[in-house]
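What follows is one chain in structure tokens, specifically the form predicted alone.
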Amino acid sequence: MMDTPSRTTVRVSVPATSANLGVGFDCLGIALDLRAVFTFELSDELLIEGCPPHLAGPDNLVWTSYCESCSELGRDPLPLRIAVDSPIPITGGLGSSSACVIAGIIAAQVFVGDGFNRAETLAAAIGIEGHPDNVAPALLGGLVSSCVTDKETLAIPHAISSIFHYVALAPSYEVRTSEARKALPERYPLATLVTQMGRYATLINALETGNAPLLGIACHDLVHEPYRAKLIPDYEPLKACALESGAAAFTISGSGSAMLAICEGRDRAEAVAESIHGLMPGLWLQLLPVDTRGTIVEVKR
């Protein structure tokens, strides 16, 4: 491999994601058209721009992911100037951490490895994140389910109907993933798991075919939302408002605190957004289409 010229600039654009979609716990996610852009250049020392000051140090997730990936490649990390331009809320639930992890891995591949490799990025990102529900759609775009085997993780893209529009909501407070994990039971009754499996299959079909009534039937999670909802004080009133205003389904996005209303048609999504905005001013709220491009990498030398 030739030495990377010092003037190389790497630009990585990663979409936001919403994981689980209710019943797809840890194995289903969707990419949304809200993009975090990371720009990397070689530098004499680590410089991180565009982050709050408390996130701009050596424990920054982009940098630590880059360093871990360099180590996996058997190379020492080169100091970087990292510029972050991300509209994704950092309070959790819309894939901000996955975007950082993916960007750091790709920077390592370009600067000390053999270049961007999507399959290797997925494997490395799952290793850092611990599960594929966010990183798979962030890399591939669209609706993606993941199957973890003893040897690898299979990421399976699904067609998704254009009839659905998504209202993403983010309160100002954070729900830490570690706390959201602790809220879950260690065991579930067999009947719960059987019901969940049936709803998961139904959810995929509803999203593929654009069947909003079927989506409303399928999106009733039994595994994580009843427990994590208790960590989000505004979940119940927001869910009630969204469903009363015409949303087909309402879910916790990832582990929270973000949430997602899924609506049939743009007009209905706008009505849901207007109702929610009137209920809770100051809430971060955006109507977001599905992103089908996934991660985009540009290398300029």
Ligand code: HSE
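A quick note: this is a predicted structure, and the numbers were derived from the prediction, not measured. The first residue of the sequence shown is number 1, and the count goes up from there.
Beyond the structure shown, there is the form predicted together with the named molecule, which is absent from this document and is the topic of what follows.
Engineer: Verify the contact flag for His220: yes if a non-hydrogen atom of it lies within 4.5 Å of a non-hydrogen atom of the named molecule in the predicted complex, no if not.
Structural biologist: It does not: once the named molecule is placed as it appears in the predicted complex, His220 has no heavy atom within 4.5 Å of it.
Engineer: Does the named molecule get within 4.5 angstroms of any non-hydrogen atom of Lys230 in the predicted complex?
Structural biologist: Residue-level check for Lys230: no, no contact with the named molecule.
Engineer: Using the partner position in the predicted complex, report whether Thr177 sits within 4.5 Å of the named molecule, counting heavy atoms only.
Structural biologist: Yes.
Engineer: Although the named molecule is absent from this view, report whether Asp26 comes within 4.5 Å of it in the predicted complex, heavy atoms only.
Structural biologist: Heavy-atom contact with the named molecule at 4.5 Å: present for Asp26.
Engineer: What stretch, of 207-215, 143-151, 118-126, 177-185, brings heavy atoms to within 4.5 Å of the named molecule in the predicted complex?
Structural biologist: Result for this chain: 177-185.
Engineer: Within 118-132, which residues come within 4.5 Å of the named molecule in the predicted complex, counting heavy atoms only?
Structural biologist: Read in sequence order, the lone residue that approaches the named molecule (within 4.5 Å, in the predicted complex) is His131.
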